[in-house]
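Only one chain is given next, in structure tokens, and it is the form predicted alone.
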Amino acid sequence: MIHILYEGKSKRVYVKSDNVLIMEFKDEVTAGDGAVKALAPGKGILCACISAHLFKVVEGFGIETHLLGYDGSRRIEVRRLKMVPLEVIVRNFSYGSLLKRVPLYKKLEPLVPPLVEFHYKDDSLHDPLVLPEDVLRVGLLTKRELDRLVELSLLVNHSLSRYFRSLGLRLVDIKLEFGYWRDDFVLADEISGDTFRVLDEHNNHLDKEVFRMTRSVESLLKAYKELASRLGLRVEALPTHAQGA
């Protein structure tokens, strides 16, 4: 019998066995670091389906992920990892908080090479930006581990950027999380419109930025359905009401 391990803004995590977790995507959407919240019927299955697909895409580039299986529901089965308490953000174009932090950048200015940021995972502190020197000085990672995390993050970003370009889409930025498995890092969490920004040929967002800008659940779900369609995914049995969100 599974039991809940953790519940966040967008997911619940259940323990299936010592080494296997079930990640359930909620039919909820938040903005403003959780200050704004709304029910979004069908969002869970869309994010689960997109995440499972994109995990398979990056695995095709030789990157190991925590995905073990997906059955078409709001849940994916994943390997249990010892998580690194850092979010890694890779930026290909200047946008969002980067423009507020460094207003010298122009909106959607290409960043070559991509910019890699670290944020310490702590909801009470709102996941603050930390420097590589901070990571090393407080002992979160060794220099070798930090270099490996950057290497993997850039490889994931390159792989997905290339994949999205083949579909006529542009990856603006992406938030990544990793965990330890054996002697290396494994890509974890999710890869969906909740964790990246992606633009179509007309600079329309197919990600959560739609909700941040409009506060419209309908517009968000339309964008996520379009993203799934562009990825060649058919998401069956989208509900007309929230399922235990």
Ligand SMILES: Nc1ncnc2c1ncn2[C@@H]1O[C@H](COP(=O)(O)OP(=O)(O)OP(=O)(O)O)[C@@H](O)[C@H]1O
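Position 1 is the first residue in the sequence shown; the rest follow in order. Because the structure is predicted, anything quoted here is derived from the model rather than measured.
Although it is not shown, the form predicted together with this ligand is what the next lines describe.
*Asks:* Is Arg197 close enough to touch this ligand in the predicted complex, meaning at least one heavy atom pair within 4.5 Å?
*Replies:* Flag for Arg197 set to no.
*Asks:* How about His205 - does it come within 4.5 Å of this ligand in the predicted complex, if we only consider non-hydrogen atoms?
*Replies:* Answer no; every heavy atom of His205 is more than 4.5 Å from this ligand in the predicted complex.
*Asks:* Report whether the minimum heavy atom distance between Lys9 and this ligand in the predicted complex is within 4.5 Å.
*Replies:* The answer is yes: Lys9 has a heavy atom within 4.5 Å of this ligand.
*Asks:* Report whether the minimum heavy atom distance between Glu59 and this ligand in the predicted complex is within 4.5 Å.
*Replies:* It does not: once this ligand is placed as it appears in the predicted complex, Glu59 has no heavy atom within 4.5 Å of it.
*Asks:* Of the options Arg170, Arg79, His119, Arg148, which one has a non-hydrogen atom that comes within 4.5 Å of this ligand in the predicted complex?
*Replies:* It is Arg79.
*Asks:* Exactly one residue in Asp123, Glu109, Asp134, Asp71 has a non-hydrogen atom within 4.5 Å of this ligand in the predicted complex; which is it?
*Replies:* Contact with this ligand in the predicted complex is made by Asp123 alone.
*Asks:* Of 138 to 146, 101 to 109, 153 to 161, 80 to 88, which is the one stretch near this ligand in the predicted complex, taking non-hydrogen atoms within 4.5 angstroms as near?
*Replies:* Only one stretch passes the 4.5 Å heavy-atom test: 80 to 88.
*Asks:* Using a 4.5 Å cut-off on any heavy atom, which residues of 10 to 25 would contact this ligand in the predicted complex?
*Replies:* The stretch 10 to 25, when checked against this ligand in the predicted complex, contributes Ser10, Lys11, Val13, Leu21, Met23 at the 4.5 Å heavy-atom cut-off.
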